[in-house]
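Below you'll find only one chain, the form predicted on its own, shown as structure tokens.
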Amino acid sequence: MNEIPKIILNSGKEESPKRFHPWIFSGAVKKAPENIKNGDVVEVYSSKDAYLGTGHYQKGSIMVRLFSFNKIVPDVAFWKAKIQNAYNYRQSIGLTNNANTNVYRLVYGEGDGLPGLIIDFYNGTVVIQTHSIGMYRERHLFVEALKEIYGDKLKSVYDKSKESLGVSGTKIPVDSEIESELKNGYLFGTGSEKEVLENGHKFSIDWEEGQKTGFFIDQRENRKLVAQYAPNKKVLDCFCYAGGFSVYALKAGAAEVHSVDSSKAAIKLTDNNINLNFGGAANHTSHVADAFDFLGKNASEYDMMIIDPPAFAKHRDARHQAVMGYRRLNALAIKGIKPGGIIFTFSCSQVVDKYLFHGAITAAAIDAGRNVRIVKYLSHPADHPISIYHPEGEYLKGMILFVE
């Protein structure tokens, strides 16, 4: 194997990788080889030539994503061991052989020591989504590792990296050789059963055309909590996407559920999943509508609301507007909900941390002029583990609110 290129850091910039943080920012780099390409494996060294870690190079703000802090050769055996370790963890928390749940996140980027890589398991189909060119180049090795780990349980592997890597002109620079081959498709198999079980609830998943990898697995435990509060209530599921919260609320005995999304495709997914679980027997209504407008006109009808918008900010330069968006949205919900109402409210914007989100909800409560109690803080489930060295991995923030 050829010698691995070296990245040299500026003096004093070695402290972050020495604390096992996996990101090397461009401002920390003193010297990089002139012929280095996006996706190349590199070794990172201090200004005093001390080895710090091995990772993938990519031109941009985060210049290196470290996947090892030991000097290794990233060969087939290395990647297999990494994915096996991720599988063993899911096995230890009871997800790999669960009769009631056959959908879970197998690899969660930095939380599993594999920055730039997401792998989700959907009842025999695995969906890979890469967020770095280095991980994209390794995708065929991941398939071989998955075959070895799952055996006959693995029916197909679908690569959905086109959206996450983007094309020229986006935030991520893409080499022309990558851009020419960048397309979603099956790396193994040709598609399989798209119905999954989550805590005994049925969902039809569209990983080919749906958002992210097809389903918001990160809300599994929060959907379960919604079921505890939903009995006999009139529930509003805002930004419903595939209707996950709506299904749980109805199964738990909600008196009535309304699902709202501005996307007709999302409402179609919701209606399909309601029908899958209840046929025509559910007291459920779908609305294709803007959530802000809908809340402004109809919030006073509901005993319970789920406010789960898409990321209002994906970059720091949009953070202020995002905070104001969360404030306005939640003010409408808090102001309108019936006395004694319950609100589940979320932010999945990584650049809006839990303290900013808390501040936005506090401001919303002040704007609404009602007394609000925090029942519980929420985050993502155990198959989205947060590395203690990478707190940025905690992207999903949530709160259960009681409104007097």
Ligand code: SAH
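Residues carry their position along the shown sequence, with the first being 1. Quick caveat: nothing in here was measured; it's all calculated off a predicted structure.
The same protein has a further form, the form predicted together with the named molecule, not shown here; the description that follows concerns it.
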Work out which of I274, A291, V103, I149 lies within 4.5 Å of the named molecule in the predicted complex, going by heavy atoms. A291
Selected contact from G124, P310, G189, G296, since only one has a non-hydrogen atom within 4.5 angstroms of the named molecule in the predicted complex: P310
Segment assignment from 88-96, 296-304, 216-224, 247-255: heavy atom within 4.5 Å of the named molecule in the predicted complex: 216-224
Look up in the predicted complex whether D261 has a non-hydrogen atom within 4.5 angstroms of the named molecule, and give yes or no. yes
Just checking whether Q211 would be counted as a contact of the named molecule in the predicted complex - the rule being heavy atoms within 4.5 angstroms. yes
Non-hydrogen atom contact W207 with the named molecule in the predicted complex at 4.5 angstroms: no
Heavy atoms within 4.5 Å of the named molecule in the predicted complex: does Y326 have any? no
